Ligand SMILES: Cc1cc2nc3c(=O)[nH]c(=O)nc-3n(C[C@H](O)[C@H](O)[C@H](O)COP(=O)(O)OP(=O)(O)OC[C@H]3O[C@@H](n4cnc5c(N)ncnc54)[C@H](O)[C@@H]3O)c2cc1C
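First, one chain by itself in structure tokens, the form predicted alone.
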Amino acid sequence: MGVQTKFPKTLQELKDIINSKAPSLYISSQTSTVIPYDFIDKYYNDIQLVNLNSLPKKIEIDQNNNLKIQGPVSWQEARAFLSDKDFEIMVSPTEELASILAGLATSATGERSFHFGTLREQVIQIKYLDHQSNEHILTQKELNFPILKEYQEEYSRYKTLKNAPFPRLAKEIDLMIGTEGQLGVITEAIIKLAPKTSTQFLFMLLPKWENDPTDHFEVLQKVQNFRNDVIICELTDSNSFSYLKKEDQLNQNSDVIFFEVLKDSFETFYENFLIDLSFFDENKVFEISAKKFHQIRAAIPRAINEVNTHNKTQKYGTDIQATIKDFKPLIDLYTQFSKLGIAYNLFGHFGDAHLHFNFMAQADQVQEVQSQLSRLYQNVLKLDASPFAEHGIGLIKQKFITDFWSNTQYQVFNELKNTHDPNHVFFPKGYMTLKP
């Protein structure tokens, strides 16, 4: 059979594919950084990719002022739908073209988690198709099965972080959120909205983190007291800006921290946060339009991908979130990586101590990168940190994940697969199929 792609155009066609019991990987926007779509045949000899992008879409605000979506609605489409409404989405992923339902499957969070919390907490209800193509509804009702108590005790280590190295499995919706399509196919979701508010964007120039991260640490510590006023607190380092055209390199050869601040709180933020910083310099703080900010944030990863394609380099990214107290040891590890002579960049959700360090490896550097990443995750084990806090495990990162599991995770995943996917056709070789 090899690798085949199917494009169901109706819900019934999707159900027919599920009922065929053929091993399948369900995909949509294909923006995942942990599924190697370009060389999927290296992982599978017999698989069908089920592209959900041709399914019907529906988007509406329900009677409770929540967002109800069906099908492959993207974040961009949802935001456009809400542009003339009194409500807004509380999540803002970098890739606006990604599917919302796919984001649920990987438990993606995005920039605005600093203020609004994780996407998982905003989901009211999920509808999905099981292994017999029957529809089910999941809510925020407590989940319960025998071994779950021990599982939750082990999860508690990560409860202050966005995601653990394994799904939360505290509420019914967790059967679909973060399980990466291994237990069913999400077809609908109802998500909380927030009242639309006016905000201001600004950015601050800081020294390069590789040279001296002292100012970065001070910002991280002090901004924690302003989560009610600040929507986002994002870092983009000098290396990331180097991929942009000169006219878009607003960083002046420095690192940049972006803030989105509630307009009503701006005076408080300025006087009680910015001026209170020991290194504050008003000549290094600039206002920026929301449009320009989003343009830059989206342009950087796209430019990096273009350069990688042209130079035949491969990106090896991390997705680690640390607690505030363990952020410095994590940056120390990244600083060591910056001295290896391998191209790199660092960006992400700074206020949550959740950054993405990316190696840009030439072919003859791949082995060294893999060795360094293995060392990194061994060190992360010793920290209060989650190795994959946002974008999932997929196929690429499985070799690093099992060190973070005990036998409890294997037992729970085996039970879930046997119950919800007895034919093992949903995402074969997904992390739930790993053995001790």
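Residue indices: 1-based, along the sequence shown. Owing to the predicted nature of the structure, the values given are computational and were not obtained by experimental measurement.
There is another form of this protein, the form predicted in complex with this ligand, and it is not shown here; the text below is about that form.
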- Looking in the predicted complex, any heavy atom of residue 255 within 4.5 Å of this ligand? no
- Query: Any of the heavy atoms of residue 30 lying within 4.5 Å of this ligand in the predicted complex?
  - Reply: yes
- Applying a 4.5 Å heavy atom distance criterion, does residue 93 contact this ligand in the predicted complex? yes
- Message: At 4.5 Å between heavy atoms, is residue 413 in contact with this ligand in the predicted complex?
- Response: no
- Query: Using a 4.5 Å cut on heavy atoms, which of 239, 118, 358, 99 is close to this ligand in the predicted complex?
  - Reply: 99
- Identify which of 219, 353, 346, 185 has a heavy atom within 4.5 Å of this ligand in the predicted complex; exactly one of them does. 185
- Note on the structure: For this ligand in the predicted complex, the stretch among 384-392, 401-409, 370-378, 62-70 with residues bearing a heavy atom within 4.5 Å is 384-392
- Query: Does anything in 97-111 come within 4.5 Å of this ligand in the predicted complex by heavy atoms, and if so which residues, in order?
  - Reply: 98, 99, 101, 102, 103, 105, 106, 108, 109, 110
